[in-house]
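Here you get one chain, nothing else, as structure tokens; it is the form predicted alone.
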Amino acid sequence: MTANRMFTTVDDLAARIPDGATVAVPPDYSGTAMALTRALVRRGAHDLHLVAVPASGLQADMLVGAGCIGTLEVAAVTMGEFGLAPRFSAAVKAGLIKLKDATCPAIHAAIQAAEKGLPFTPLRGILGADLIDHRDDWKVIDNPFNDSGEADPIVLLPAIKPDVTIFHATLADRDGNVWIGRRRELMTMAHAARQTLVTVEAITDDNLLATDETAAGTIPALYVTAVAEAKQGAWPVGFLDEYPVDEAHMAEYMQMARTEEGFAEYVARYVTAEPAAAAAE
């Protein structure tokens, strides 16, 4: 794909994510693609397998509430100081989604395995947790390199290879390179996924790989499928040092999303017609 064909609209990014796809997303503090999330809701995406790397908040709650999620693989869904995630909590209680409960180290390790082209990876730290009893895709074996004569169990985790990784970043250049700064997990997620779709605050004419100051924190265009410019594309979630969380809006969401009817009203007000960007300015 040539550089000029890499640049598109947020709605086109959403159209590239097929129903049933495994989609990896970062936590709220790492660059949440909320403009793209709203676009997925608008297009009526469904049966997605969402993998939070390793946790999520408003993004997962909104997608669950809109009926976009079939399976959720996650260490936690939390709205932080705003309280429990309302639509996620309701969906779990009603059995509306398949929940693959995990831990932060397990998800990171499984993503790293896919990055390296491995079918699985070992992890020791979750031994003894009852979580293992609820994950039939995790296998406990005895360490094959142990020669002590004593039991030495270790857990094998299948690699998580997303069909798509999506996130929001600060900058992309005209060649399609994307600057992520210190958020190195985004690099791993891009390496692991078959496609990486990114929204950015701005597009620069400077080559982000040309200097040491930016190159170390830049994902090369080789690992980026498409980019859309979306000013304040993480709103109402805060985005690194660019802008803080919109606390008033988050409080409004929490109040409205307590019920299905209130959530539907929220979607009609802030998602369907997409007035969110104007509201954020």
Partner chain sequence: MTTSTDFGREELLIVTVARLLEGCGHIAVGASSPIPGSAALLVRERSAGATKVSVLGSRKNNFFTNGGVELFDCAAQGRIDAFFLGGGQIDGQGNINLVGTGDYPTNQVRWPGCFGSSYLYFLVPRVILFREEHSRRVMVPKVDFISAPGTSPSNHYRPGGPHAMVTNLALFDFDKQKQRFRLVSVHPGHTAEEVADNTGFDYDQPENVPMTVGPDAETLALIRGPVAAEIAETYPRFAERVFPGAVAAA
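Since the structure is predicted, the reported quantities are computational estimates derived from the model, not experimental observations. Residue numbers count along the first chain shown, from 1.
Another form exists, predicted in complex with the partner chain; not displayed. Remarks below refer to it.
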{"property": "I203: touches the partner chain in the predicted bound form, heavy atom cutoff 4.5 angstroms", "result": "no"}
{"property": "Interface membership of D163, the partner chain in the predicted bound form, 4.5 Å heavy atom rule", "result": "no"}
{"property": "Distance check, G128 to the partner chain in the predicted bound form, heavy atom within 4.5 Å", "result": "yes"}
{"property": "Distance check, L118 to the partner chain in the predicted bound form, heavy atom within 4.5 Å", "result": "no"}
{"property": "Selected contact from R174, R194, K139, R184, since only one has a non-hydrogen atom within 4.5 angstroms of the partner chain in the predicted bound form", "result": "R184"}
{"property": "The partner chain: the contacting residue among A102, A190, V178, I111 in the predicted bound form [heavy atom, 4.5 Å]", "result": "A102"}
{"property": "Heavy atom of each of Y29, V77 and A151 within 4.5 Å of the partner chain in the predicted bound form", "result": "yes"}
{"property": "Residues in 193-225 with any heavy atom within 4.5 Å of the partner chain in the predicted bound form", "result": "none"}
